[in-house]
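Next up: just one chain, as structure tokens, the form predicted alone.
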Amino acid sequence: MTIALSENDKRMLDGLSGEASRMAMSILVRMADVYGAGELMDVSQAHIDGCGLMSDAGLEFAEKLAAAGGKVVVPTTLNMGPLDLQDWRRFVADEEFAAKAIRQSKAYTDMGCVPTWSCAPYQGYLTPRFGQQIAWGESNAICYANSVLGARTNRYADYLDICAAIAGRVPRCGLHLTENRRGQWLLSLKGFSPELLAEEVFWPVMGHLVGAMVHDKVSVIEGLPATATSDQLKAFGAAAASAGSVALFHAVGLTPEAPTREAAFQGTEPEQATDITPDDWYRAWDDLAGAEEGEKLDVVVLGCPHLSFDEFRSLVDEIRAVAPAKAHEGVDVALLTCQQSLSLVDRTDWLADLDAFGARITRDTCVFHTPMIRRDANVLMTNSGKCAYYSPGTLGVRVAFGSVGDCVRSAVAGRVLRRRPG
């Protein structure tokens, strides 16, 4: 189809703004045709997921753009990378891998990207505002930005994200448009006790349930607690985006585009409606765990998405509640976070507790990018619905899912200990 281009779009496409801009615009125009979008539109911020070292081709693409003079034209943050750039030798013995990862990191920062290296950019630098048009990669970040903040982005794939940042343009389609943000599927919580709703694990399990149910549909959820915190909504969205392809959900009375059910559906009727019961929730809880109670535990992973300052506080509280507060010698404890959160933790007395417990803090990356899980690990425990969903296939481990308190107690015991919620 014919794509309507602005004069500046044409300049970029003709190479008059440099080779990197020409490459970026040619890809964006091709993708607009694929999406059926008749024109491009401006974005005012980007978040890059393609900065992880997933292949040599990804490194080559980034270095080619940088060598061609590529520069981002909107504020652009970076998702987690392939290394803890400040302390990578603790985890990575492969010097060739590390050298490539450092080269890729340099290519993106040379193009003007901000080295946030976090999969939770919405809790740190350059948090988008309501209605802001952005081009974000990283599934949980997309879900949070659209749903909780009310910013507008599609699910931008690796490498298309940096093209959008260089051009400052994206195809006008999808969730950038108001009509496509209308709710489609009504989900009503029925019969949930206040005790179960107050459980820490309620949120990632509910996200796992919703994602597996609605896939990429826009759900409207009635009955979620109005007291939800940023971290709880983060856990919900990350699980929903992993188990499904959720890029936007509305929670009635909680998220900004859903002050009422009618507003969330933009005055129309739901295409589908489903009640969710505690029995549904408990089935999702069971689905997240493949490891059995009492099994030998090898590793605990917390921080998927990256740990916030408040999540560090909750972890330290749980550690201080256990005596003796030290992980079993056979259990590794990996804490994943970004430099921004860790800088705040540095101003507390928590690091001594974490160190005494045996936890290892890793910045800027995660277990799916950096080889930090030992090869003989068999059972991994986490409080993250996202980590629980991906770990069996990606890391080759069986998963025990539980709360932060469950993870701490299990690490101390050296075996899986889970309290059934509610």
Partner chain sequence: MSGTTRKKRTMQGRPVVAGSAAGQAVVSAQPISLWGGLDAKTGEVIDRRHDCSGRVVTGRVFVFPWGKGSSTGSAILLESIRRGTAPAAIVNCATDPIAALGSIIAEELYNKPLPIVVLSEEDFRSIGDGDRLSISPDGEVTAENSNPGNPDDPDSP
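Quantities reported herein were computed from a predicted structural model and do not represent experimental measurements. Residue numbers count along the first chain shown, from 1.
Beyond the structure shown, there is the form predicted in complex with its partner chain, which is absent from this document and is the topic of what follows.
Stretch 61-69 is the contacting one of 38-46, 376-384, 61-69, 349-357, since its residues have non-hydrogen atoms within 4.5 Å of its partner chain in the predicted bound form. Mapping the unseen interface onto this chain, H369 counts among the residues with a heavy atom inside 4.5 Å of its partner chain in the predicted bound form. Interface membership of Y159, defined by any non-hydrogen atom within 4.5 Å of its partner chain in the predicted bound form, is confirmed. Although the partner is absent here, R22 is a contact residue: one of its heavy atoms lies within 4.5 angstroms of its partner chain in the predicted bound form. Interface membership of R155, defined by any non-hydrogen atom within 4.5 Å of its partner chain in the predicted bound form, is confirmed. Listed residues D317, E271, D287, D310 were compared with its partner chain in the predicted bound form; D287 is the one with a heavy atom within 4.5 Å. Residues G244, S245 of 244-266 are found to place at least one heavy atom within 4.5 Å of its partner chain in the predicted bound form.
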